[in-house]
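Have a look below at one chain only, the form predicted alone, in structure tokens format.
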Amino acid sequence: MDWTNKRVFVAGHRGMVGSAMVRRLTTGGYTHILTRTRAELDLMDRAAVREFFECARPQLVVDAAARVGGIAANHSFPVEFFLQNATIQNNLLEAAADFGVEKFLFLGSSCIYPKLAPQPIREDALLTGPLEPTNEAYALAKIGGIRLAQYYARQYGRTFLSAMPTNLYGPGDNYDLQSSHVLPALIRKTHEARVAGLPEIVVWGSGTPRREFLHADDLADACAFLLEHYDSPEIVNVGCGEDVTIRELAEHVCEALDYRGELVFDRSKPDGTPRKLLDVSKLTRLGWQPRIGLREGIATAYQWFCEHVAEAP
């Protein structure tokens, strides 16, 4: 089936994932991409969301709208992380079901899996153990979205899909040190240390946890692939299948930015989950593979940071 003539609504199109999705759909020949800013459509407003779906009648929906953040932000604002994400996804899923959306792609997160899940993490690890406490509120909201999508599929026959991305980075990332994830935070810290001539960078935790990283453009490509080739409500992991320690990640960033100072690890700060590597064999069997390596991806992310975030020297 040719999906490119369908009306596609990308919720959260100004965020890192949503903007990557718009780029991918545009280059893929999609001619009817629907977007709305927060000022034009408040996704927290159920009535407004329903009015939009009734008028615009999207046929495909990608839910890339979410409140996201790193350990510090999740720890400080669990109420907002839970309520805002649950409200947005509930409004979108309900409206999509009621107004005839043909396919809905819900984007979850690898943090939905238990803190001590066997590695690499398979899709069937969901709800088999306790979550990582530092992002539990966000994870619980996302689990609710997964289950609601599956309930709509089971009860009403809707083609509602759920993809679970690993840690993401790329153009449009959040570089605020109070709310960012580890990779953009390291890029900003390293850049500022290099510019200021500082002898060291402080990194949260021990540096030993292992994390997997996927470029947002690769995620967008995987999402387009799933929209066109996948119909099951069973969740699908999206990642690269390789991980690095936080220390190794910091070293890659220092190398990309040509920073030669020392790395100091603040062990008083939490490490989070010891390891989080996704089993991506299901997506691989379907026929999709990532294309952007970590070193290349860090270089392009830093270029975007210099062009859009960094202050002029």
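Just count from 1 along the sequence shown to find any residue number. In this text the structure is predicted, and so the values were computed from the model without any measurement.
If you look for the form predicted together with a small molecule, you will not find it shown, but the lines that follow are about it.
Visitor: Heavy atom within 4.5 Å of the small molecule in the predicted bound form: which of 133, 78, 209, 233 fits that? Just give me the one.
Guide: By the 4.5 Å criterion, the partner-contacting residue is 209.
Visitor: Check each of 181, 194, 115, 122 and return the one that places a heavy atom within 4.5 angstroms of the small molecule in the predicted bound form.
Guide: Looking at the other structure, the residue within range turns out to be 181.
Visitor: So if I measure heavy atom distances to the small molecule in the predicted bound form, which of the stretches 153 to 161, 235 to 243, 134 to 142, 216 to 224 falls within 4.5 Å?
Guide: Stretch with heavy atoms near the partner: 134 to 142.
Visitor: Residue 69 versus the small molecule, in the predicted bound form: is there a non-hydrogen atom within 4.5 Å?
Guide: Yes, residue 69 sits close enough to the small molecule in the predicted bound form that at least one of its heavy atoms falls within 4.5 Å.
Visitor: Residue 185: heavy atom within 4.5 Å of the small molecule in the predicted bound form?
Guide: Residue-level check for residue 185: yes, a contact with the small molecule.
Visitor: I'd like to know whether residue 109 contacts the small molecule in the predicted bound form, with contact meaning heavy atoms within 4.5 angstroms.
Guide: Yes - in the predicted bound form, heavy atoms of residue 109 and the small molecule come within 4.5 Å of each other.
Visitor: Heavy atom to heavy atom, is residue 203 within 4.5 Å of the small molecule in the predicted bound form?
Guide: Answer yes; at least one heavy atom of residue 203 falls within 4.5 Å of the small molecule in the predicted bound form.
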